[in-house]
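Encoded as structure tokens, the following chain is the form predicted on its own, with no partner shown.
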């Protein structure tokens, strides 16, 4: 029997483990998921925590409850991967040998890389979302600035989605006329996906969201409440929402498997780590230049599960990842957009409508039942 070890119990790791368990026989392999705290968090819900529309406790579940019975679960920190010896070293000295390794370790936030970041709020962790929610509840007017602390970062549409939802939030509170929403993009356009940028720019105009492009945060001065860019601009704020810089996971960096940012060089079709025929990579951990998002990890996980199952049977891997991503964005006022794209086909500007808003609400409601259990 061969050993398949999956590092990370987020959406990518859970989908790989459960899909492989369905596609393989018990005698083919032993599947082990390793996760540091054994908790699975539904991160798209963080935005709704900030608005007071989501109970934080309902965004977290025990990873064990999401895995099929035949999948083993180890709650421990993976400290180092020895690719030559095909071994994962865990905290406390335990080791796991593998025949196939799946790295789904996500990304790590680094607010400390921006001087003065303590003067900002963010919604990229549960704790950060709760802190932002509390700050918004006390906020009664002034400049709210949304900015990005570095690229790449998880869920690239999320900052723009936040701006739209804050427009809705302040309108519902009856103080929209007292709030100036400012959006600072590190790119040469407002929205990361180029084909959708004209649509989002028009939506921002309609919502009276001021925009500045080519604004990469260099530092924040919490005392004077100013944020400065690498490009030499300064913007004042009363409440700052900043996306922290991201990197790959420590275990990737400490094992020498990542690039300068800790992202693993990955073949974009096979999802094999370059130079390693027995290591697959899914989700944020890759260096593939597509969205670092749960939707990406979901589709990648299905491909990796299929391919490992085939190789266990001595067959050729049957599947290639084509870059497929499908996701919804909430634009406020019960309207949304759906984006579907792959490597060859950029997203087509979609209509802004209630149907796509309801699609996002449906995904939020059915996530636990469908996605990590690899039922779709």
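These numbers were taken from a predicted model, which means no experiment stands behind them. Numbering follows the first chain given and starts at 1.
Below: the form predicted together with a small molecule, not depicted.
K.L.:
Which one of 295, 220, 181, 165 is close to the small molecule in the predicted complex, taking close to mean a heavy atom within 4.5 Å?
P.N.:
Result of the distance check: 295.
K.L.:
With a 4.5 Å heavy atom cut-off, would you call residue 372 a contact of the small molecule in the predicted complex?
P.N.:
No.
K.L.:
Find out whether any non-hydrogen atom of residue 270 is located within 4.5 angstroms of the small molecule in the predicted complex, and reply yes or no.
P.N.:
No, residue 270 sits far enough from the small molecule in the predicted complex that none of its heavy atoms falls within 4.5 Å.
K.L.:
Would you classify residue 283 as touching the small molecule in the predicted complex, given a 4.5 Å non-hydrogen atom cut-off?
P.N.:
Answer yes; at least one heavy atom of residue 283 falls within 4.5 Å of the small molecule in the predicted complex.
K.L.:
At the 4.5 Å heavy atom threshold, is residue 186 in contact with the small molecule in the predicted complex?
P.N.:
No, no contact at 4.5 Å.
K.L.:
Tell me the stretch among 203-211, 167-175, 232-240, 286-294 that has any heavy atom within 4.5 angstroms of the small molecule in the predicted complex.
P.N.:
Within 4.5 Å of the partner lies stretch 286-294.
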